[in-house]
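First, one chain by itself: the form predicted on its own, in structure tokens.
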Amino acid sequence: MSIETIIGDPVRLLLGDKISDAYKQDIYVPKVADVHAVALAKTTDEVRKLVNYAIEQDLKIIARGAGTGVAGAQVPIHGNELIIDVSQMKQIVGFDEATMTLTVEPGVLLSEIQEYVESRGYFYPPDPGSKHSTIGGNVATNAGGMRAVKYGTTRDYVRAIEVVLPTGETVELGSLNIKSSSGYDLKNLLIGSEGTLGIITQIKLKVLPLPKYKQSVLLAFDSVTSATDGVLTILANGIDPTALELFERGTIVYSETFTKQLLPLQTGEAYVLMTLDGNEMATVTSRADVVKQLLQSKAIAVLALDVEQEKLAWKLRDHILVALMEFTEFEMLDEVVPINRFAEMISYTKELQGKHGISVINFGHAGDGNIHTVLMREGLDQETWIAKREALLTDLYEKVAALGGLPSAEHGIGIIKKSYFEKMIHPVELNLMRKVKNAIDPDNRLNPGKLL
């Protein structure tokens, strides 16, 4: 069987010089290998046939969605890989209100899912920063985002997935049942596996009733340490925030410069942006008042945001990365540490800034210990940037491990964190993962060289 007989539409089959640059470059992978072909599948059957074609031709396969990943997991590194792009599998198949389940194809964008369910009075809680990422990519990395502190990550909202395995077989993992004690949890094994165990072709998502009310509060502190103390106070007193974001003054200024708008509070060296939600406005307001009382001696200022201020504050938070792209080359990390070590980890990144001569800024999901440390290239030449960055990363990940943390909370390991991951994970656990990979994909066909 030729690949042209599987994908008869030439617009959806890219060969040779028809393969666009989007598949040949990645800001996190300096040298992307050659691509055998790019096939933009539209159905599960096409994906299955493409996998069988790859088996016949002995090709490696990379599944790809919107290409928004930041760990280098979606590009070839060996050469001659077949890229199966599922971004054209973008149908919202159906919504079952009885089970509050939304069935979608993997190429549906996160923003489309959120808009669809919210227009019907429902709520899909996972909220990673890239709203233009696909739901298939979110599942493949177990994406988290800003609401994870209250609602959890993507894994908590996947009821079932349809998967094409590296053998060409198709299987549905999971079910609409709320509880299961029936064998191995293979669905959750696939979630977060970064396309190394199967290609997801359909997803059944759990949604929730949309909370009726919300309130955002912005808190300013004189230091990151004070801000993280404030976060711990909020979490320890049953406030139950929807989102709890921390960013330094030196971080948000990039977003202010880019958007030409200012954060509603200008005093302080660190900020916590908190949102509360609920079905009774009085309860939401009461919890906001408790936060003010709890933190009146810790915070420089506490501001309950009106609707316009709330939109502005979250716009500035959401535009941090976009702003950084305008000003300098950078590398963004997503390390995670136990919540009580959050301040210590951020403080250590500042020590590394002085030690290695690289500017470092931080922001992150303070409520769950997930830090986005950003290394800024600024005026460094390429050779110096690479050397300093590698030295800093070695120290940083050693500290993460010493604090009981992990190298990735929500972006995945891909290729760029692989060497650090291998050093941080216990050899027995790493060997178990490799045995699982070998059992499901003995030919190492799916996304080779990534994660493991």
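Counting begins at 1, following the sequence as shown. If you're wondering where the values come from, they're calculated on a predicted model, not measured in any experiment.
Although not depicted, the form predicted together with another copy of the chain is the subject of the following passage.
- Out of the listed residues Gln266, Ser111, Thr257, Asn177, Asn177 is the one that sits within 4.5 Å of another copy of the chain in the predicted complex by at least one heavy atom.
- Residue Pro338 is the only one of Pro338, Gly94, Gly357, Gly79 with a heavy atom lying within 4.5 Å of another copy of the chain in the predicted complex.
- For a residue to qualify, one of its non-hydrogen atoms must sit within 4.5 Å of another copy of the chain in the predicted complex; none of Asp9, Val32 and Val158 qualifies.
- Under a 4.5 angstroms non-hydrogen atom cutoff, another copy of the chain in the predicted complex has Val436 among its neighbouring residues.
- Although the partner is absent here, Ser297 is not a contact residue: none of its heavy atoms lies within 4.5 angstroms of another copy of the chain in the predicted complex.
- At the 4.5 Å threshold, heavy atoms of Ile361 stay clear of another copy of the chain in the predicted complex, well away from it.
- Mapping the unseen interface onto this chain, Gln353 falls outside it, with no heavy atom inside 4.5 Å of another copy of the chain in the predicted complex.
- From the list 308 to 316, 267 to 275, 80 to 88, 230 to 238, the contact stretch for another copy of the chain in the predicted complex under a 4.5 Å heavy atom rule is 230 to 238.
- Within 4.5 angstroms of another copy of the chain in the predicted complex, the stretch 273 to 290 places a non-hydrogen atom from each of Asn279, Glu280, Thr283, Ser286, Arg287, taken in sequence order.
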